Each structure stands twice: as C-alpha cells, then as structure tokens.
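Starting off, we have a lone chain in the form predicted on its own, written out as structure tokens.
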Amino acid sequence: MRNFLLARLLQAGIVAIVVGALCFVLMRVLPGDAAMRIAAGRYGPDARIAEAAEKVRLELGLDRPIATQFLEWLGNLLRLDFGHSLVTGGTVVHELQVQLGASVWLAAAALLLSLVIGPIIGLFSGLRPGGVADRMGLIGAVTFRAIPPFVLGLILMLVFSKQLGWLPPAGFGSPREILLPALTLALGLAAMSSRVTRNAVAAVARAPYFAFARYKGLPEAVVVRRHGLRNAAIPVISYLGLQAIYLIEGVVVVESLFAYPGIGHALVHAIVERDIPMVQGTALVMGLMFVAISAFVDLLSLWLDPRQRRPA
C-alpha cells in the first residue's frame, strides 16, 4: 500500500509539472496580444484599450523573457502558490474552491446516474446474450456513444426544457438545474459501461462455478447476487478509470453549454481572456482529478479482487 501511494504521489507531481508547462507554452503561442485580451477582460473594450494593455503588460511582467516567467511560475508551483487571476485579481485558489465544488457535484451526479443506467442494462443483456435486451442495449450504446456531448445536451434541452417544460435549461443551485447537464454526461458514460457490464456478466455466466450454482437448484436471483455481481463488477470498476477521461473532458463542454458555473466553464473563459494563471490552475486541478479518480478505482478493484493483493 505504501508503494502504491508513493507511486500515485509521484504521478500527481509529474502531471502537475507537465500540464502546467504545456498550458504555459500553449497560451504564449496563441495569436494575438495577451495584454490586450487581459485589459479588455478587466476594463472592457474602449478607445483607450492600447494604453490599458501597456499598463497591464508592465504590471504583470509580460514583457520579460518567457524563460524567466516560466521559472518564476515553476518556483511558485513548488510552494503551492498558484498566483492571482489576471482579470479579477483574486487568488486562483479562491476562484477554484468555488468552481471545483460545483464541478464535483456535477461529476458525482453524472457518475451516479451512469451507474444506475449502464450496469443494469448490461446485466440483463449479459444474462441473455443475443436476446432482445442485448440487441436493444447494443443499439442504444452505439447511438449515445456516437452523439457528441454538446449535440446530446442540445437535444435534451429542446425536449425537456423547451417542449415539455419539465427542467430548466441552465442555472445552478437546485437538483432540477443539475439534472440536465448530469444526464448529458451520464448517457455517454452509461453507453460504454453497459457493454462492459454485458461482456463481464456473459463471461461469468459461462464460468463453471456459475453453472454449478444453477445445477444446485438455487434461484436465478440468488445465483446472480452471490456468484455473479461481485465477479462481474471487477472489470466494470476498472473501466471507471477510463470513464474519468470522458467525464473530465465532457465537463468542459457541458458546463459551457448549460452555463454551469464549474471548473470547465471557468477554463473556457480563462482561455478567451488569456488569464494564464487561471488556465494553468484549472487544467492542473482537472489533471489531478483524473489521478485521484484512477487511484480510487485501483483501490476499489483491490478490495473487490483480493487476488490482486498477493505478490506475484
């Protein structure tokens, strides 16, 4: 366990440096004048924007060599100092505390909905491979996985907000307002988890111990609960680590679409306004979220399958 935690801490450190460095370089090579964008974000576009841009350039040291700016940022990162937003002036940590909480709620709701939808469909499909449920589940999985999140979100918004009027199209603060963006993410996650569950359940159903339990005359529900669910859950839980990529990537698109005040929405605005510390902070937090989710999934897999704890 100690080696596992040390490996994850090392991975988190590498992710922090690589993500921060990439954001630093990419923001510098974007076309246009960063000082002009920052001045426009602070003061608004007006006739004296050139003077304001020059003031911003001198204030933030954007006229210094890029290598000097990067080394200063790296030193601040080692001290866990993420700096201040170039637009609002507030600390990046304070900005992220508010936005990260909203994104965590959205990600948790999406993951919970996907676990309710996907594995249940996969369970019924895997118990009867080639049946009606299996074929319908395959069609649904291919359809929802092929639709981009922003298109799926627009469809759900048109149906449930505009046509039926059941849910608000945007906002934050109540369960009704989080349901549409969470469902948009959950359907894409459930599409793949349903097929992974289906394959895992089908493999378990072909195993000798599962057939033996049936031959003993145990009810089907007892056989599935005692001998099927835990063994089939191992690959499904392992796949959650890969789903974290889709989840973190989808948060950026879905939050912007539904005007949800999360970390993905903040990242888009920071890129537009050339707010480099905010871009680095949000990208860094999203990368560390992926490391944390992967570590949690690995620990859960070890708990489900004790064989993985034994030395080779």
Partner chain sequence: MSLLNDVSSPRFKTGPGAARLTGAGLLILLGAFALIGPAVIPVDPSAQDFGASLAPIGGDYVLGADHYGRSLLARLAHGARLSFGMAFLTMLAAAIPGVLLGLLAARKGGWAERGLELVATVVLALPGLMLVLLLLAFSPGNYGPLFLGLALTLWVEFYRVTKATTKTVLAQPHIEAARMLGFGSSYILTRYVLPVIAPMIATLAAFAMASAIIAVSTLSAISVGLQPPTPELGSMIVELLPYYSEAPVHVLLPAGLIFLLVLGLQLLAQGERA
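Numbering follows the first chain given and starts at 1. All values derive from a computational prediction rather than experimental measurement.
Here the subject shifts to the form predicted in complex with the partner chain, a form of this protein not shown in this document.
- Taking a 4.5 Å heavy atom cutoff to the partner chain in the predicted complex, the contact residue among 223, 240, 147, 202 is 147.
- Remark: of stretches 93-101, 76-84, 121-129, 147-155, the one touching the partner chain in the predicted complex is 147-155 (heavy atom within 4.5 Å).
- Mapping the unseen interface onto this chain, residue 299 falls outside it, with no heavy atom inside 4.5 Å of the partner chain in the predicted complex.
- Residue contact with the partner chain in the predicted complex: residue 261 places no heavy atom within 4.5 Å of it.
- In the predicted complex, the partner chain lies within 4.5 Å of some heavy atom of residue 18.
- The closest non-hydrogen atom of residue 143 lies within 4.5 Å of the partner chain in the predicted complex.
- Contacts between 261-283 and the partner chain, taken as any heavy atom within 4.5 Å in the predicted complex, involve 267, 268, 271, 272, 274, 276, 279, 283.
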